[in-house]
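Below, in structure tokens: the form predicted alone, a single chain.
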């Protein structure tokens, strides 16, 4: 009787969330697979089945392949740079200050730096896009103004207007925006390491570099795996920053799959084609997430 009552309570609490998730999340995913097989224009009541026609056209679309190449390049660079910088900053803020009064501490002013590093993460992505678009402005932007101030008047790049620089300028913004979250994530992992381990290593003559690579990283590997998955998903998105800062240009040099999907659906009225693109991106994201988790799997270290 008691178990039956508990089961009813659990079902009662889960029913509404599961229903909402099914209607607003799972159902659109399923519908996308069907719409991908049609020529639906979005506003028309008529839907014609065209089989794999959208996929055939998609795999021959040079803009889609350019967008996918950019996503894959982000997939490699964004996690490496963000995790690398995040690990370094988290270690400096929590364990690089050396032992004082028998404790391992971060560098002086660590609390202030934590606030500074995390601040960009709390800003709206729209604000970040507009802010950096103005910073990159080649005429009156802060970046080129700083170059002029130090006597580099001849070095005035068109950051978002140059095909060679635009992608890397967008990447820098993505790293700047997300670094605070990953500093907090890695800080939580470092704080969970018993201080006695770090202190014993220091007393045994281990350098900061050895403590970082041989103790800290192995013991927070689960945090690093989590960050790699999050950043992999972010790399396959990057929609908002690209839309606000570059619109996919110049000459599709910053085009990404999510924004090209949006353009086809809401600018060109090709919802069937956009759905086919969404299905491909869904499969790619799922496969890469599974691969990342499998490739980074290690035996858990207990402490």
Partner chain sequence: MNDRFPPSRPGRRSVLAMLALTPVAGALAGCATGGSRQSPAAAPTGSAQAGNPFGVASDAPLEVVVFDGGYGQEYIKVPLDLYRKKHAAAKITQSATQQIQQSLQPRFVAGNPPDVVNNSGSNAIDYGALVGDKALLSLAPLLTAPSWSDPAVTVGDTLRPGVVQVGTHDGQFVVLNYSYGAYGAWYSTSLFEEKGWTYPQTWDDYLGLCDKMATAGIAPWTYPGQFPYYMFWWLASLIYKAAGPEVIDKINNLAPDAWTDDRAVAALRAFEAIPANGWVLKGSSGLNHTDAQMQFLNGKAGFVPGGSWLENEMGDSVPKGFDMAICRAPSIGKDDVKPFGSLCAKAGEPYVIPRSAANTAGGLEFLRAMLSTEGAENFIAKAGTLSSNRDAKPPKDAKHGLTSIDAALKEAGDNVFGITVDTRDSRLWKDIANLMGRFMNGDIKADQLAKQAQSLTDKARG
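Being a predicted model, the structure only gives us computed values, none of them experimental. Numbering follows the first chain given and starts at 1. Definition used throughout: the rigid core is the maximal C-alpha set that superposes within 1.5 Å between two forms.
Not pictured, yet referred to below: the form predicted together with the partner chain.
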For this session: Would you mind picking the one in 212, 181, 176, 221 that has a heavy atom within 4.5 Å of the partner chain in the predicted bound form?
Result: 221
Exercise. Taking heavy atoms only, is residue 59 within 4.5 angstroms of the partner chain in the predicted bound form?
Worked result: no
Problem set entry | Proximity of residue 52 to the partner chain in the predicted bound form, heavy atoms at 4.5 Å | no
Exercise. Hey, in the predicted bound form, is residue 154 touching the partner chain, heavy atoms inside 4.5 Å?
Worked result: yes
Exercise. Given that the partner is absent here, does residue 80 sit within 4.5 Å of the partner chain in the predicted bound form, heavy atoms only?
Worked result: yes
Problem set entry | Whether 41, 133 and 275 all lie within 4.5 angstroms of the partner chain in the predicted bound form by heavy atom | yes
For this session: Would you point out which of 190-198, 139-147, 114-122, 165-173 contains residues with a non-hydrogen atom within 4.5 Å of the partner chain in the predicted bound form?
Result: 139-147
For this session: Taking only heavy atoms into account, state which residues of 251-275 are within 4.5 Å of the partner chain in the predicted bound form, ordered by sequence.
Result: 251, 252, 260, 261, 262, 263, 264, 265, 266, 267, 268, 269, 271, 274, 275
Problem set entry | Rigid core superposition, residue 26 Cα moves 2 angstroms or more between the shown form and the other one | yes
